[in-house]
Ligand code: HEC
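In the block that follows, a single chain appears as C-alpha cells, in the form predicted alone.
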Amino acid sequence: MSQVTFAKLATAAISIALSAAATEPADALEFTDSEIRIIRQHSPLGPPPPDPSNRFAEDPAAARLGQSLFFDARFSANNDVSCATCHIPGLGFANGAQRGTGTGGQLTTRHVPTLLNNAYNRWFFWDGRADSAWSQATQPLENPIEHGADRLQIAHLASHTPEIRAAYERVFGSMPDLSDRTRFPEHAAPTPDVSPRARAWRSMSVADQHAVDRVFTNLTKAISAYEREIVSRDSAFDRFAANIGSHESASAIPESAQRGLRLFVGRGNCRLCHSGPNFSDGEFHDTALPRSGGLRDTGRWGGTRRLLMDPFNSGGTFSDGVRPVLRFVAPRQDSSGAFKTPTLRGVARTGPYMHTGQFKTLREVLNFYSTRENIPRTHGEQGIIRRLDFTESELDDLEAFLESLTGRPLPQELLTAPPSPE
C-alpha cells in the first residue's frame, strides 16, 4: 500500500470516528445516590388525586359537556369571552400576556395561571380563595371584569339550548323548569349591592335560589371534569428520571439540562417549594416580588377569608364531600403577600411569570431568584429565600432543565370545542 493511499485511508477513518462521536448522545452526569433519590421524587406524575367534592369529576359525559362550555363565549355578558379566551390551549392554557382580558376588553388584576395540571392543586387562584376546581369556575363567570355574566343568565342559556340541556340531563338528571320569569328573572345574582341583579335575586324564594345554584354548580362541575384531562406529563425529564444512570437517560436530556437539574435539587434548593412530581408544594409563599405598582396585594390572607365565606366551598351545600384541606384553614396575618407555588410542568410554554406577570421570560425569573435585586429590606419575605448568585452558564443550565419539563402534546381533540356537548 502506498503512503498516499494509507494517508487517505487514515484521514477517512478519523473523519468517520469524529462524525460518529458527534452524533452519539452526551454522557449522563454521575449523580450521587442522594441526588438520584431526590430526582425520583419528581417523577413519574401519577393520576390526579380524587376530588370528593365533585362526584362527576371522572364522568366522561360530564367532561365532554364541560369542554363544550369551556369554549362557549355565550356564557358571558357580551358573548365575547369564554374560558378559552384567557386559557388558550396553544399557549399552555395560559394567555401569553401580563393580564387576562375579560368582557369589553377589561383587564384582570393578576396574571392568568395555566390550567395545565390544575387537577393536582389543593387550592385554586393565586390566593387560594377556592378549594376545588368547580368552585373556582363559578367566580370568573360572575366577575364583572371577566365573563360578566350571572347565574340566572347562565342557567337560562343552558336550559333553553337544546343540545346543552340534553347533555346536562344525561349527566345530572332533569333540569328544573325555569320558564316562569316571575320566579326566575332573566338576570339575577346574590351580589352585595343594590344592583338590579341583586334585587332580582332577593325577590326569589330560597327554594328557587337553591335550584338555580344547583344548575350553576353542576355546570361548573362539568367544566372541572374537562379540566382534569388537561395534564402535562411524559416530559424529557421524566424519560431521564426513569432511566437515570443508564445509556437511555443520557439521550433524554442534554448535559446542560442535567447540570441544571443538579442545581435545582442541590445548591439552588428550588425543590423546597417546587416539590414532588408536579413540581409544586401546592402552598403559599412570599417571595418578596418587587411591586409592579399600586397597593400591596394581600394574597393568601385575603384569599383565606374569601374561601371561608364562599357558599360554594367544599364544606357547603353544593359540594358532594368536604375536601380534607378545608378543615385546617384559618386566616393568618403572616400569610399576607403570599401566593401559590405554580407547577413547573410545561413552564417553558406558560410565560409571562409570577402572579403579577411582570417577568416575560424564564431567564428573568431565574435572574430574580439569583440576584434578589430591588427587594425592599422591610419586605416581609420568607427567610427560606436566599440570594444564589448563579453564573451565566448556571442560568443557562437551569433554563435548559426547565425546558425539559415540557410534556408531550395533548390530544388534539382536547384543544377545541367538541362537535356537540353530548
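Worth saying up front: this structure is predicted, and the values here are computed from it rather than measured. A residue's number is simply how far along the shown sequence it sits, counting from 1.
As for the form predicted together with this ligand, it is not shown, yet the points below apply to it.
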Identify whether this ligand in the predicted complex is within 4.5 Å of every residue in the set Pro140, His274 and His355, based on non-hydrogen atoms. yes
Segment assignment from 316-324, 239-247, 332-340, 173-181: heavy atom within 4.5 Å of this ligand in the predicted complex: 332-340
Exactly one residue in Leu307, Ile164, Cys86, Leu152 has a non-hydrogen atom within 4.5 Å of this ligand in the predicted complex; which is it? Cys86
With the partner omitted here, the residue among Ala188, Ala158, Ala225, Val81 that in the predicted complex has a heavy atom within 4.5 Å of this ligand is Val81
Does any heavy atom of Leu388 come within 4.5 Å of a heavy atom of this ligand in the predicted complex? yes
Quick one: does Asp131 come within 4.5 Å of this ligand in the predicted complex, counting heavy atoms only? no
Can you tell me whether Phe125 touches this ligand? I mean in the predicted complex, with a 4.5 angstroms heavy atom cut-off. yes
Just checking whether Arg74 would be counted as a contact of this ligand in the predicted complex - the rule being heavy atoms within 4.5 angstroms. no
